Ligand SMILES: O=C(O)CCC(=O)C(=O)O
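A single chain comes next, written as C-alpha cells; it is the form predicted on its own.
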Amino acid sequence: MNVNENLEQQKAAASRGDIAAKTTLGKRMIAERASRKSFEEGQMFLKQALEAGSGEAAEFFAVLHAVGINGQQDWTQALDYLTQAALLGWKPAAQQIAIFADKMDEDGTWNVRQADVAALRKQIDINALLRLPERQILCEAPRIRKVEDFLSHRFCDWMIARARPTLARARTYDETVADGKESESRTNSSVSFSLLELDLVLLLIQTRISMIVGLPIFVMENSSVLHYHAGQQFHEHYDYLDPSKPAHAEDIRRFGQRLITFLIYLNEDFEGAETSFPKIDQKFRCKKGGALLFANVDVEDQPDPNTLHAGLPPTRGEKWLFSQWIRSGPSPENS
C-alpha cells in the first residue's frame, strides 16, 4: 500500500466518524505541513476527535501550543490541554502532569488517578520549571560551556524510558542515503523524536535549551537520545556542515549551518565515556542532569576545526545522553 492509498483510507474512516482515524489523520496532516489548507483540515479533524472524547487529540493540541506552531508558545494553554487529555483517560498525559507537578506515586511510578489530575495541574509552576542555572565557561576556542543541574532527574528518567523501546543502531551522515548509514566509526544506539512523537516533557527541555542559547526552538533539529553500552563509541568527527562539500553547501543554503551542539547527561552511573576534544587535548563530562554545549563555528560563524570531538566509550555501565543540534535557520524538520 502506498502513502496516498493509506491517506485515502484514513480519510474514508474519518468521514465515517472513526475517532482514532480522525486523530491519526489530523496529526499526520499537521505534521506533514503540505499546505495551509491541509494544516487547517488537520486541525479540524483533531477538533472533531477531541469533541468526541479523544485524549490523544487533546495531548497533540497541548504539543502544538507548546511548540508555538500557531504563533507564540503558550504554556498555560498547553498544560490545560494536557490536563484535559489526562481527564479523558490518556495515560501519557496523566503521567506528564504528575512529572510536571513532581508527584511520584508510592510505587515509584508517575501514575496518577484521574481524580487527582486537576489538583496537580494547579501545583505546576511553569515559571519555576523554566528557571535556568548559570553557565560555566570551560573553553573559549572552541567555545565550550557547561551547565550543572540543567535538568531535573525526573525529566532525565522520563526521556530514558521514552527512548529505550525504540533504540536502533546510530547512523552517520551519507549524502547518498537519506537516513545515513551504519559505520564502524559509530557503534552506539540512538532514537530521534519527530513532531508526531513530541510530548510536553521534551518540549520543556527544548524550551530550556532555547532560552539558554538565545535561539528559538524552530531552528532545532529533531531531538535525539543516545545510548552507549560499555565499549561503544562515536569516533572523532565534526558536527558542523562542511561548505566545501556540495551536499552540505546545499543543506546550509536551505536550512542554515549547525551552530551549536547541546548534550544533556541523563545518567551518571558509568565510568569513562567523556566527550573528548583532541585538538585542544581536553575531555569533559557532566553529572546527571548537567549539560555540555559547544559552538561548532568560530566567532565569525565559520566552521571551527577545533571542535573535532569524539564520544568515548564507557568502561563500565551504560551512558544516556539527550542530544540537540541547533541551526542558524529553520531546521529541515521545521521548514
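All residue numbers are counted from 1 along the displayed sequence. Quantities reported herein were computed from a predicted structural model and do not represent experimental measurements.
Below, we refer to the form predicted in complex with this ligand, which is not included among the displayed structures.
Student: Counting only non-hydrogen atoms, which stretch in 305-313, 42-50, 22-30, 66-74 is within 4.5 Å of this ligand in the predicted complex?
Tutor: In the other structure, the partner sits against 305-313.
Student: Using the partner position in the predicted complex, report whether residue 135 sits within 4.5 Å of this ligand, counting heavy atoms only.
Tutor: Contact check for residue 135: no, nothing within 4.5 Å of this ligand in the predicted complex.
Student: Within 4.5 Å, heavy atoms only: does residue 321 come near this ligand in the predicted complex?
Tutor: Looking in the predicted complex, residue contacts with this ligand include residue 321, since a heavy atom lies within 4.5 Å.
Student: Taking heavy atoms and a 4.5 Å cut-off, does residue 101 contact this ligand in the predicted complex?
Tutor: No, residue 101 stays farther than 4.5 Å from this ligand in the predicted complex.
Student: Determine whether any heavy atom of residue 229 comes within 4.5 Å of a heavy atom of this ligand in the predicted complex, and answer yes or no.
Tutor: It does not: once this ligand is placed as it appears in the predicted complex, residue 229 has no heavy atom within 4.5 Å of it.
Student: Please determine whether each residue of 239, 265 and 275 possesses a non-hydrogen atom within 4.5 angstroms of this ligand in the predicted complex.
Tutor: Yes, because 239, 265 and 275 each have a heavy atom that approaches this ligand to within 4.5 Å in the predicted complex.
Student: Tell me, out of 255, 90, 234, 155, which residue has a non-hydrogen atom within 4.5 angstroms of this ligand in the predicted complex.
Tutor: The residue from 255, 90, 234, 155 that makes the contact is 234.
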